[in-house]
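The data below hold one chain only, encoded as structure tokens and taken in the form predicted on its own.
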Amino acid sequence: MSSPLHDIWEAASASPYQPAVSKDSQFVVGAVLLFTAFILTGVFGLNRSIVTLPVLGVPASLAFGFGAVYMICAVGVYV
């Protein structure tokens, strides 16, 4: 008797996971995102207003968050 979970497992083995950013380019993507966040944060700090918050502040925080994660993935975390 075959279980549905086992069938899904077998079907998934035919199509392995392909990440959006390959392991070889994670460092470059992370560095570019962190540099972009640094620039956007600097510009936002010079001209702080409620208008520039969604234009500069939100993209800067997203770039920093994703850049930090990509850099952690690229260099590895050894504990």
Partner chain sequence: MRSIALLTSCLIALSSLCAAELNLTQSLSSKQILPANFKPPQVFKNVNLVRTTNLDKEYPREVINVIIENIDSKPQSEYYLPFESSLLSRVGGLEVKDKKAAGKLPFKVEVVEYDSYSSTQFYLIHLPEPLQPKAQQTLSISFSVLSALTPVPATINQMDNQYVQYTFSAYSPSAYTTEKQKTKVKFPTANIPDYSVLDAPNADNTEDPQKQGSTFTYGPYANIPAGAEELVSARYEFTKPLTHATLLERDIEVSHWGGNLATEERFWLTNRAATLANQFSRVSWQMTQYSNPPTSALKGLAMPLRIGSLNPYFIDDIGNVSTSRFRSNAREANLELKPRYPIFGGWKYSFRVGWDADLKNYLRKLKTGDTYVLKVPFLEGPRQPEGVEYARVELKIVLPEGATNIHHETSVPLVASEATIHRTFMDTIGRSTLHLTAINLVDEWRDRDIVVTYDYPWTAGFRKPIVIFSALMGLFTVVYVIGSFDVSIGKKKTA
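Numbering follows the first chain given and starts at 1. Here, rigid core means the biggest group of C-alpha atoms that superpose within 1.5 Å across both forms. What you are looking at is a predicted structure, and each value in this text was computed from that prediction instead of being measured.
Missing here is the form predicted in complex with the partner chain; even so, the following discussion is about that form.
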Check: Would Val28 sit within 4.5 Å of the partner chain in the model of the complex, counting heavy atoms only?
Finding: no
Notebook entry, point to check: With the partner left out of view, is Val32 within 4.5 angstroms of the partner chain in the model of the complex by any non-hydrogen atom?
Noted result: no
Note to self: Contact with the partner chain in the model of the complex for Thr41, defined as at least one heavy atom pair within 4.5 Å: yes or no?
What the structure shows: yes
Next item on the list: May I ask you to list the residues of 30-67 that have any heavy atom within 4.5 angstroms of the partner chain in the model of the complex, in sequence order?
Entry: Thr41, Phe44, Arg48, Ser49, Ile50, Leu53, Gly57, Val58, Ala60, Ser61, Leu62, Phe64, Gly65, Phe66
Notebook entry, point to check: Is Ala11 one of the residues whose C-alpha moves 2 Å or more between the shown form and the other one after the core fit?
Noted result: yes
